[in-house]
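Heads up, the chain below is alone and in the form predicted on its own; it's given as structure tokens.
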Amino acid sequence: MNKTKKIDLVKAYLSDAFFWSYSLIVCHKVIYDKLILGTRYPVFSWTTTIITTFIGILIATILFNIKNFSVGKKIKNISEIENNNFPFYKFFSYFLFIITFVAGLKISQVSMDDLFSSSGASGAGKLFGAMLNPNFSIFEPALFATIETIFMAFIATVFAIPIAFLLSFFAARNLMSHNIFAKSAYVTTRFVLNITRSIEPLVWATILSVWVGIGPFAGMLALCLHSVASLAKLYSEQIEGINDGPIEAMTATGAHQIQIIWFGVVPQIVLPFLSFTIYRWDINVRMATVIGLVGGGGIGTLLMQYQGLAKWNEVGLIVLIIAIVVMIMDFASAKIREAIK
């Protein structure tokens, strides 16, 4: 058995161990505690979780070598499926989906009674009624706040472009695999980008509003950080999908790595990069309305102020302006992306 096959078997076994442990934990904590015992807030216990996980690993170990029983082997495409036979892994896959769906309903505390209650519907009706009757007396400050939001998103996108452009080459596997230093740069760049992108702009705005103060500068920095990580990921994936022919030809002629990137890679990625960048500006305009809720400036800050005072007529006007701006931005960005194809 070759090394690749052994690694695939180990991954398949670990997948089975995870699936069985997960299914038992969910069945115990959500299905048994919530549905059968009726416990509203089940108490978490490390002892129960460890025991359940151990049982799941034991079941996975027993069933792993039985034909058609391993989900992990099917995922790694190393299972032997008999003809005219509905394998167990399909039943188990459906079971995993069903218990995950039920667990999601219970953990999310989905309640049709609360959704269709008469008191809730009455309160929502009054709220929407006020919002549908906007107060145009605050139109001028709302308009200036909207302009601030658009420019804040624009500056964040412009600052993010060159940084993301440079980082994308270090985050492209096909360009950073020729030696140990390049591989280290690839892993480090990917790690930093994943960490930065996993933190939402709302969280970045909260941190930066403490650092630089409440206002559009904090919002712009938050959008810029998230845009760098997102654009670099999109750019690098585009680079990984380029045609390798020009790169191989230039490498054969003894071209330097920078020459290969500039003349062999960049011409293939210019148009997709422009499309991604315009789309990112569109996203940043939408995000800018949200990060204002935590002091990021723009129309979101104004929305938070009137919402906190329960002035729903004013909130209605702000929501109307946000909706119009988003529709205009969506239409404009779609036209620009269509024009550069």
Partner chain sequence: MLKIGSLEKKYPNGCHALKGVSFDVEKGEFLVIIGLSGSGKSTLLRCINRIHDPTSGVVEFNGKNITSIKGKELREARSKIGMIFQHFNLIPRRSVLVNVLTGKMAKLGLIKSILGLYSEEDKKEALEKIKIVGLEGKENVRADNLSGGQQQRVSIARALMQNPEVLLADEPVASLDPATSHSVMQYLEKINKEYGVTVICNLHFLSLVRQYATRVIALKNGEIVFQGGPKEINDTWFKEIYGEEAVEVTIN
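Numbering follows the first chain given and starts at 1. Every value quoted in this text rests on a predicted model; they were computed, and no experiment measured them.
The discussion below concerns the form predicted in complex with the partner chain, not included here.
Taking a 4.5 Å heavy atom cutoff to the partner chain in the predicted complex, the contact residue among Pro267, Pro141, Gly241, Gly120 is Pro267. Note on the partner interface in the predicted complex: the residue among Glu237, Glu200, Asp114, Glu248 having a heavy atom within 4.5 angstroms of the partner chain is Glu248. Note that among 259-267, 165-173, 67-75, 227-235, the stretch whose heavy atoms approach the partner chain to within 4.5 Å in the predicted complex is 259-267.
Under a 4.5 angstroms non-hydrogen atom cutoff, the partner chain in the predicted complex lacks Val187 among its neighbouring residues. With a 4.5 Å cutoff on heavy atoms, Leu271 counts as touching the partner chain in the predicted complex. The partner chain is not drawn, but in the predicted complex it has no heavy atom within 4.5 Å of Ile180. In the predicted complex, none of the heavy atoms of Gln109 sits within 4.5 Å of a heavy atom of the partner chain.
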